[in-house]
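The chain that follows stands alone, in the form predicted on its own, written as structure tokens.
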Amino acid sequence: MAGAGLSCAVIARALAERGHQVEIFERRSHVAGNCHTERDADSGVMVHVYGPHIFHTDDEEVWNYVNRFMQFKPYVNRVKATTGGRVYSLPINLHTINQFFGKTLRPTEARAFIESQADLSITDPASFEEQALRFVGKDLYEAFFKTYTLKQWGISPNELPASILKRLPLRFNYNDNYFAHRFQGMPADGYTVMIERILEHPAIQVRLATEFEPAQVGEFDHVFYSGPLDGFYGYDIGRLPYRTLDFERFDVEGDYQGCAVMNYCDDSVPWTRITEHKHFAEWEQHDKSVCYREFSRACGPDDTPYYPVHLVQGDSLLDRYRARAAAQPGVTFVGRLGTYRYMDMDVSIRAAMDTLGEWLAKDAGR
């Protein structure tokens, strides 16, 4: 098992409970991958070390699974955005629309108004920019999405697929819950403790600070690999593009911004957002606060990959790697890096469950 993040943890636990011996190699000194959390010694704040992770899902089986290992506290992600010197609520909702345009529209009036702002000549949006112009019109697009997207992805919004924006809702009521899923929450003691509990089984051995090498595949009955897909092949035909994140931590007394996430949509501000981590655990009280300024840039060879970059014109290099992976004996590629997909945590867990089920079915048929 290569990696001790969510995907491999779920698969490892299921295999262990079926009587298999599982060995996990994790190059970092901790489990949980990028959703690693740790308690700050000075402030007592639970810090999301590699950036914030909010658990949200409509998948009841997945929700029950994580609650098996950790109590989840209620949490609603209410994102704010600074643009043009003012603060608004995201996702765009009735309050955002009325505040931005200086109006007092009712839901039906707002719907008609936004439709009048939209570029109706765009019938089949292919790019992020086309989707936005058809979705909310030029003014809202330029205020909330255009520059933020340039900072986040480093390329023009007309080169990015429309699917990126389709994940964000547009609401004609005053609901400012960033997500619309039935189940939303935060693990009471953090994600790392939750994943440690998933891996707490006598048949599971975790080797921290130990890199798995592709040359080791033959030493095991089967390998589930959650490292970078291109890295497995030594990047021999090129590197798949990723964005990485840099975090500039600063600690303050009291409350810095009054919310967990504040997006910065103007090009005069170099960071994409500031996260204030004590607000991710609203049931706790802390006099001090830990904040991150977040910067996005192209991922280099020594950086941590976060977001796979998919372009409108397609991914020919990815297609070549995926073809090799599909034919790779003794290895199943899993997780966001192994499958080169952006996946929320619930999707990662569901994909791990489904992948294991398919592998077990094939193994039984051999």
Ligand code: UDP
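Position 1 is the first residue in the sequence shown; the rest follow in order. For clarity, every value in this text was computed on a predicted model and none was experimentally measured.
Keep in mind that the form predicted in complex with uridine-5'-diphosphate (UDP) is missing from the display, and what follows is about it.
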is_contact(Tyr50, uridine-5'-diphosphate (UDP)) in the predicted complex, heavy atom dist at most 4.5 Å: no
4.5 angstroms heavy atom contact with uridine-5'-diphosphate (UDP) in the predicted complex for Phe145: yes
Close approach of Tyr306 to uridine-5'-diphosphate (UDP) in the predicted complex, 4.5 Å, heavy atom: no
Residue contact check: Phe128 to uridine-5'-diphosphate (UDP) in the predicted complex, 4.5 Å heavy atom: yes
Contact at Thr149, Ile164 and Leu168 by uridine-5'-diphosphate (UDP) in the predicted complex, all three, heavy atom at most 4.5 Å: yes
Contact residue in the predicted complex, from Ile204, Val193, Ala281, Leu90 (heavy atom within 4.5 Å of uridine-5'-diphosphate (UDP)): Leu90
Selected contact from Tyr242, Phe183, Phe135, Trp153, since only one has a non-hydrogen atom within 4.5 angstroms of uridine-5'-diphosphate (UDP) in the predicted complex: Trp153
Stretch from 217-225, 230-238, 111-119, 262-270 whose residues place a heavy atom within 4.5 Å of uridine-5'-diphosphate (UDP) in the predicted complex: 262-270
Residues in 327-351 close to uridine-5'-diphosphate (UDP) in the predicted complex, defined by a heavy atom within 4.5 Å, in order: Tyr342
